[in-house]
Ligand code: ATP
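What follows is a single chain, given as structure tokens, in the form predicted on its own.
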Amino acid sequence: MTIAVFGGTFDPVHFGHIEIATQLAEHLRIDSLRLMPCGVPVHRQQPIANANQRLEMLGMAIADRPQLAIERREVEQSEPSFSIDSLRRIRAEIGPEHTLFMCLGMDALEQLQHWHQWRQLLDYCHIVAVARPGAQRPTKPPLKRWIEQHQSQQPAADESRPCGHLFFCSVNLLDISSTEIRQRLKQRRSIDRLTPDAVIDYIHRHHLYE
């Protein structure tokens, strides 16, 4: 069994999230990638939509993507969402022998040394860093040295290496952001083709981001 998780606030989810997750599932050659909405973020602004609303929109967005699933454990707790705690829980659930990937953007990787217990993340998973336009690989110590120590080349679902490495990969990114969608809604502009129609209907029905 191989599991990959891709975290974010998904406030709201959009086609950029869905395409990245789908491509990562194919790139990692796994059957399922779990989208993990953040419950109480530590390093970013609090979501506007509540946990249930973000979960419902996410479910609508991936309804026709059988390789994508939802990891609910962070939004179902009231404590701050630390990735290390989520990884510990998932690792305890799947056991020590199965491969676990945590996927994140290059912008998140650049901030990794500010994360809670960041040096211990690879004790539980592999990290897959997704290249984003204009984002450079971290160049400042101690993060740069840590990356050099743990970087490997091609990620693979290899049970002899269930955790401990960091990989870089490139996917085709859509130029869409949740911030852009929220701004458009405030300005009463269309968000067609930025997120699935079911999500658009849900947003308007619940008067989100107005």
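From 1 onward, residues are counted along the sequence shown. No experiment lies behind these values; they were computed from the predicted model shown.
Although not depicted, the form predicted together with the named molecule is the subject of the following passage.
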{"query": "Stretch in contact in the predicted complex with the named molecule, which is absent here, among 77-85, 98-106, 116-124, 136-144 (heavy atoms within 4.5 Å)", "finding": "98-106"}
{"query": "Option touching the named molecule, based on a heavy atom within 4.5 Å in the predicted complex, out of I30, L68, L185, I176", "finding": "I176"}
{"query": "Heavy atom distance at most 4.5 Å to the named molecule in the predicted complex, all of T9, H14 and A131", "finding": "yes"}
{"query": "The named molecule contact in the predicted complex: R44, any heavy atom under 4.5 Å", "finding": "yes"}
{"query": "Heavy atom of I20 within 4.5 Å of the named molecule in the predicted complex", "finding": "yes"}
